[in-house]
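So here's one chain in two forms, each on its own in C-alpha cells, numbered structure 1 and structure 2.
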Structure 1
C-alpha cells in the first residue's frame, strides 16, 4: 500500500505549473520511470497522464472548443453492451458501488474491483453518510425513467464520463478497464431497478 500511496501523492499533488512545463514534466516522468515498475496488475503506464488529463491539470480549464474536442474523442471510446442488454443484477451492483477496493499490486485479478461510487454520490435512502463531490443518485431510475436515450446516456457516463465533461472527476470505468462490462451492467441495474435501494425507500 505504501507504493500506491506514494504514487498517488506524486501524481495528484504535483503543482499545476509542472503540468504546464514540458521540461519539468519530462524530468518528472524520468524520475517516475526510475522509481517505479509494473508489479502484478498495477501496470506502470497508469502513472502517466494522457493528453486530455494533462489539459485538465492546468491552472485554468481548457477553452470551450478544446473541451468539445476532448469530449468528441472520448465519446468514440464508449463500447455499448455486445449483446444489447444493459442490465444485470442490482444486488451485485450494490456491492460494486459501495466497494472501493482493487487495482493494487497485491490483487490477483483486475476483474473484481469496486467502483467506489459511494465516495462521491448519495445512492441509498439508508446511507448514514455519503460523498457529495458528484450529484446525488437517489431515486435515479424512479425520477428519470428507462427510455432508451436515458439508458444509453447512463451507460456512457459510467463507461467514460470524460465524453460528457472533459475534466470530470469521475473515473473512466470502462475505458480504463476499471470495471468489466458485466460489472457495469450490474451498476446499471442498481441505478434503475425499482427494487434497488436507490429507488425504493
Structure 2
C-alpha cells in the first residue's frame, strides 16, 4: 500500500541529477503513462516510481549523501523474524533459489514466487548455470561462519538490499513482498547450512 501512497509525490518530480529540461521530463512521464497498460496481476501503477527508484534511474549513482539517506530509510523497513529463528529448510531454499518465476503478467497469483537467485549469483557446487550480475555466494556459510552479525546482515540483505546499497540491482525480497518470511528462512538455511550444496561439495 505504501507504494501507491508515494506515487503522488514522484509522478512529476525529476531525478535530482537529471540534466534535461522539466518540460522534457514531463513529456517523458506522459509518454510512459500512455505506453503501458494493466495485464493480469501486473497493474499499471507498477509504472509509478518510488522515490528511491527515481533517484536510481540514471546512468550515474546519486550523490553519497542521497545514497546514505535512502539506505537509512530502507534499513527501517527490515523486519527480522519475530520468533528469532533465522533458518528454515535448505532443500526448500534451494528450490526458491532456482526458481525465477513470479510477479509477471503471465503469473496468476502474486504470492507464489521464486527468488531467482541463480539468475545473478553463483550459489552451489553443482549448478553450473548461474548469473554474474551479483557476487558469487559459493560456500557462503563456510567462508563467513554463522556469527549473529553475519546472520542478521544476510537476513537484512535478502529482505531489503537497498538498505546497504541504495541503488543495488537486487530486489527488496521482503519489503516488496516478493518472498515470505518462511521463504527467506529457507534461503538462509540454503546459504548457511553446512550440509547445503552451497557449502558442501
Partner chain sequence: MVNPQKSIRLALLAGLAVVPLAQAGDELLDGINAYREALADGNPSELVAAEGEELWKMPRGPKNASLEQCDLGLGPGVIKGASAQLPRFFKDTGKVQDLETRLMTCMETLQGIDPQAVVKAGWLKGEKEKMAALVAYVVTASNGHKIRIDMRPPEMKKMYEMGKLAFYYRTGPMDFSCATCHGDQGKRIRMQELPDLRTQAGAASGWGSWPAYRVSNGQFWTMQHRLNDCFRQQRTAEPIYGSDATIALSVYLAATANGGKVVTPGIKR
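Numbering follows the first chain given and starts at 1. Just so we're clear, the structure is a prediction, and the values are computed from it rather than from any experiment. Only the largest set of C-alpha atoms that superpose within 1.5 Å between the two forms is called the rigid core.
Form assignment for the chain places structure 1 as the one matching the criterion, namely the form predicted alone. After superposition on the rigid core, the Cα of residue 28 moves by 2 Å or more between structures 1 and 2. Relative to the superposed rigid core, the position of the CA of residue 80 differs between structures 1 and 2 by less than 2 Å. Core-superposed comparison between structures 1 and 2: CA of residue 99 displaced by less than 2 Å. The two forms line up on their rigid core, and residue 110 then has its Cα shifted by 3.3 Å between structures 1 and 2.
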